[in-house]
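Shown next as structure tokens: one chain only, the form predicted on its own.
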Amino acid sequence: MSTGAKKRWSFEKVAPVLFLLPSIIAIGIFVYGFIGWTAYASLSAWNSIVPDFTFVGLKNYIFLFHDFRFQSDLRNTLFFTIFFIGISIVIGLGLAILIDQKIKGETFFRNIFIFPMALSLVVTGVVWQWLLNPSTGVNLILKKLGVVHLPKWFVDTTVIPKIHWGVISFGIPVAILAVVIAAVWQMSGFTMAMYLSSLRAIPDELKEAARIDGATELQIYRKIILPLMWPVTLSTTIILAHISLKIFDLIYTMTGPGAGFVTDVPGVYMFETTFRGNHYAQGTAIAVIMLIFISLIIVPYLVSSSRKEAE
């Protein structure tokens, strides 16, 4: 091999690394470095405006898991995640199946359902805060229609059923359902787009062969199409779960913590603890717990995906 060829070979090997190096350094500092700093601060006594990095171990974490507000946050996040993911997937799948029927004006309907994704969660929160306001929103229409017992929406403090758990009542907070409505409105277009692209990728020959064998449309969807879309369902669930666990802006603008913390979530608690209460160690402890919850969902998915790609 000539000297020129060796130099070209060396440059081709080194050039990608040189181009990636600034990004690697930036990510190392501003992502993983700050994660490490957050974890370090969560183990300190820095709970005032004056920095105090005295090591206190897991004291801040133990405090949180005995705290009424944080236990309420875990309960609210659990039920918000279940309803948000479940309803978004059902509505998104239903819309995708309907649009996949080659209906007239498909582009119009597709854009209508995807449009909410173009809005920020802050805008969504403000709009739905007005729509579901017990005295100014859809309740005015219900009142005109003669409904006597008007829903209280996000100001309802009812928990169903009330089961004693720690220092809180465990059950479905009715107020969180109002937030679920707003979140589903925002994200059901996303799930529709995911399922629609998957439906369009399934060969028509497969469905025609099933019809020739005597399968009904319901059987084709139940035994062929839905199983083939399982990877899309898994990916959609992971993405929605990730959004759900770190949600902040929608709830902060729509309801805030709510009476009795019935609509509070860890993101809102972390923000108020850190930047309003100056309890930095407790705030960073909440952030670390949120990161762990998200990692429990994301990391297994990434590992599984990497193994499949390697195979």
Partner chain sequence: MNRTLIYLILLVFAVIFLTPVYVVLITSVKDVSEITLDQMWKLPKTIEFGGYIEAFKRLEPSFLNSIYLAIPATVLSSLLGSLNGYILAKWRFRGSEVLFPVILFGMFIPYQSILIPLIEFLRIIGLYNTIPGLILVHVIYGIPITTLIFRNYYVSIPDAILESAKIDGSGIFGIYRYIFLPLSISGFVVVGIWQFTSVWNEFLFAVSITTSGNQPIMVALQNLAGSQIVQWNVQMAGAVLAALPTLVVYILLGRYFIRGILAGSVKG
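Here the structure is a predicted model, which means the values were calculated and not measured. Positions refer to the first chain, counted from 1.
Quick note: we don't show the form predicted together with the partner chain, though the next part is all about it.
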Practice item. Decide if the three candidate residues 34, 103 and 116 all line the partner chain in the predicted bound form, where lining means a heavy atom within 4.5 Å. Key: yes
Exercise for review: Would you mind picking the one in 126, 82, 202, 215 that has a heavy atom within 4.5 Å of the partner chain in the predicted bound form?
Suggested key: 126
Review point. Out of 167, 150, 78, 112, which one falls within 4.5 Å of the partner chain in the predicted bound form, going by heavy atoms?
Key: 112
Review point. Among 235-243, 67-75, 222-230, 206-214, which stretch sits within 4.5 Å of the partner chain in the predicted bound form, heavy atoms only?
Key: 235-243
Exercise for review: Evaluate residue 280 for contact with the partner chain in the predicted bound form, applying a 4.5 angstroms cut-off between non-hydrogen atoms, and reply yes or no.
Suggested key: yes
**Study point:** Touches the partner chain in the predicted bound form: residue 55 (any heavy atom, 4.5 Å)
**Key:** no
Check your understanding: Does any heavy atom of residue 141 come within 4.5 Å of a heavy atom of the partner chain in the predicted bound form?
Key -> yes
Review point. Does the partner chain get within 4.5 angstroms of any non-hydrogen atom of residue 40 in the predicted bound form?
Key: no
Exercise for review: Just give me the residues of 271-289, first to last, that have a heavy atom within 4.5 Å of the partner chain in the predicted bound form.
Suggested key: 271, 274, 275, 280, 284, 287
